[in-house]
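Next up: a single chain in structure tokens, the form predicted alone.
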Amino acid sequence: MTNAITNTPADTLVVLDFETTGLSPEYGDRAIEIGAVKIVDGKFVERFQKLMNPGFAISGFIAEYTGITNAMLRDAAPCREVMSEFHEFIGNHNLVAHNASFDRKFLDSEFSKISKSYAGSFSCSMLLSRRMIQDAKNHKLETLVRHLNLKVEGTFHRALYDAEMAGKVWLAMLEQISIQTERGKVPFDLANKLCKASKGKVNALLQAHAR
């Protein structure tokens, strides 16, 4: 479905996050909010945030977990309209999400409903954090933000805020990779390789890519 854009720097990409009606589109769950930040050369340059109406009522659990209510969704644009706008937003950029397997399922599902796809490659800030921040208590987004002493100015479990925090965590890890490899820019391909490497092989991989 995707063509990897591996020769681009890992600090130029789109970081995204979905809030959804449940755990999987395979069970009929839909997206109810999309939040994303576009990062170019390590700078946050553009943001995208939209609620979307899935066409059915959400559960009380989801409303409490996300803070998104049925009343908020009642007048929101339908998923197909929002996702069409988001397709324009991401362009040909590579993509990152925290726990990307979850968000990618929903992105693929929502795009398939409007016959859209994306050109970039997908990576996971959570997988990278398990390799690069091995001393963290756990690798939940909120834990990593606090572990890295990043400034907290919003509410977790809302899509745009989670995307922004995941972006900051991602950039902090790129800085660490850059220092260890003595590279000015970290290739997206290297970040992806680190995500897939076993923890014991991380240092060897970094040394192999050092200048």
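We number the residues from 1 along the sequence you see. It should be emphasised that the depicted structure is a prediction, and the values quoted were computed from it without experimental measurement.
The same protein also exists as the form predicted in complex with the DNA; that form is not shown, yet it is the one meant from here on.
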Work out which of the listed stretches, 177 to 185, 44 to 52, 147 to 155, 26 to 34, brings a heavy atom within 4.5 angstroms of the DNA in the predicted complex. 26 to 34
Just to confirm, E164 within 4.5 Å of the DNA in the predicted complex by heavy atoms? no
Would you check, heavy atoms only and a 4.5 Å threshold, whether N138 touches the DNA in the predicted complex? yes
Would you please decide whether K199 lies within 4.5 angstroms of the DNA in the predicted complex, comparing each non-hydrogen atom pair? yes
L190, heavy atom within 4.5 angstroms of the DNA in the predicted complex: no
Check for me: heavy atom within 4.5 Å of the DNA in the predicted complex, for each of S84, E110 and A119, yes or no. no
Quick one: which residues from 94 to 127 get a non-hydrogen atom within 4.5 Å of the DNA in the predicted complex? H98, N99, S101, F102, K105, M126, L127
